Structures are given as C-alpha cells and as structure tokens.
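First, one chain by itself: the form predicted on its own, in structure tokens.
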C-alpha cells in the first residue's frame, strides 16, 4: 500500500535536481533542495524561475500556481535539512563513489520510514541500496532531461525493494505528472541501454570517417525522423555522462559491442564535454553551433 508524500528532498541542484524540484513543487509538495555549492543553489533558483515563467507564457501554468510552487521550494547547504522528508531523491553526478558517500551521510539523518531514490541513469540499484541502511526502502527513479518537459520516469526496483516502497514511488511519479515505465535492474535500464549504444555508434561513424558531424546528425534527423542528431544529443547529455554510461554497460555486460569509442574518450579527456562547457562535437561560442570536426 502506498503512502502520501508531503515533503520531498532533492540532493543535487544541477539540471536534473532543479527539474525534479520544479515538478514536485507544482504538484503541491514541499521541496527542499540540498547542494554543498551555494553558487549551484543560486543558479538552480534562477533556472526554476525561468522555466516556470516559460510555462506561464505557454499557458501551462497560471501566475498564482507559479507563486505557490515557488513558495514551496526551500534551498539548503546541509543534508540535515532533509531530516523530516518522506522521500529523498538523489540527483548528483553519475559516479557511484560520490553517490555512496552521500548515502552514508544522508541515511543517519532521515526518519526511519523515509524512502531514498536515486536518479541514476545506469548504475545498479541493488548495489547502491546495499550501501544504505534501508535497502527495502530504496529504488531507482530515473527522470529524463529536461524534467519539466519530458513525461517519462523509469522506475527500477533493487533486489531488496519492498512492495510498499514501489507503490509509494509509483504514485509519486504519477502525482508529478509523469508516466512511469518499470525496468529491471540491469545496466543502463531501458532508455540508455538502447540510446547510448546508438550515440556511441554515431561517434564510431565519425571516428572512422564514414561521415562528418553535420552529415551524421542530418542523416539521423531526416532519415530516422529523430528530433535531434545523435552527436548533438551527446553534447546535450554531456560527453562525460555518455562515456560513464557506456563504461557501465561495457563493465556490467562484458560485451565488446559496448566498448566506448576512443574518440569519445579523447573528447572527454580534452574537457570537451558538450553544451555545458560550450564545446563538444559542436562549438557553442557563436550564435549557431559549429561542428568541431
């Protein structure tokens, strides 16, 4: 049986964290976002304001609802601020060691009945759960980017996740206006298990000189009706994130078809991580993105 979530905590105020807080606040929950970096919290506040204003402009939200949602969001620099939350969603960088270190600090501060979810896009939920004091009340809740726009959330049970936790989190996703799909706890789940090898293959096509950045992206947009080419999408996701997901697939499934393309590795080593740093497969410094290869 599911229980109602009134207070939600979000760890990490980056792109995913602020998006999750945004939709939860609109759904009527009190939300606390925690991030150790004050500048990141400040930026999150501005992004949420901007995104809500865009929804008002499009007629998806009225001014009163926007004001109400904003008043339900609190920002904090310390995990202690999450002590009274019913559910906490961790949305930090896709690095297992970082996530586990956060759980070690977070779990002792929470109420015994609180549920912890991870927004991981690829890491084993069972393994992450085993690093907490509550594996039965832990599961994956993988939102898509940008969270306020994308309808999907992948719901992933770990081996130990109990039925009440699954019911509560399924209900929470629905309340946030999302459609939940259930994935088994295998590397990269459903979306990234299909999507990332396609992106990796596009990088191989570039690496082998079969096509240019422009010809690959145009071919997939016009030939497969994709809204964004795979290299443009890689830049949007972040090449470091793409690489870490490919590495999880390669390590977890031990199949050479998941070997990350050496060119992707080289771009990450160069710090060309995509849009967030202004350069990846495209250079974003001008008015229109220009291919870097």
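Numbering follows the first chain given and starts at 1. On a predicted model such as this, the values are computed, not experimentally measured, just so you know.
We do not show the form predicted together with nicotinamide-adenine-dinucleotide, though everything after this point is about it.
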{"query": "nicotinamide-adenine-dinucleotide in the model of the complex: contacted by all of 36, 93 and 120, heavy atom 4.5 Å", "finding": "yes"}
{"query": "In the model of the complex, the residue from 176, 199, 102, 213 that sits within 4.5 Å of nicotinamide-adenine-dinucleotide by heavy atoms", "finding": "102"}
{"query": "Sole residue of 218, 145, 83, 170 within 4.5 Å of nicotinamide-adenine-dinucleotide in the model of the complex, by heavy atom", "finding": "145"}
{"query": "Residue 24: touches nicotinamide-adenine-dinucleotide in the model of the complex, heavy atom cutoff 4.5 angstroms", "finding": "no"}
{"query": "nicotinamide-adenine-dinucleotide contact at residue 12 in the model of the complex, heavy atom, 4.5 Å", "finding": "yes"}
{"query": "Heavy atom of residue 30 within 4.5 Å of nicotinamide-adenine-dinucleotide in the model of the complex", "finding": "no"}
{"query": "4.5 Å heavy atom contact, residue 159 to nicotinamide-adenine-dinucleotide in the model of the complex", "finding": "no"}
{"query": "Interface segment, criterion being heavy atoms within 4.5 Å of nicotinamide-adenine-dinucleotide in the model of the complex, picked from 45-53, 236-244, 263-271, 61-69", "finding": "236-244"}
{"query": "nicotinamide-adenine-dinucleotide in the model of the complex - contacting residues of 54-86, heavy atom within 4.5 Å", "finding": "none"}
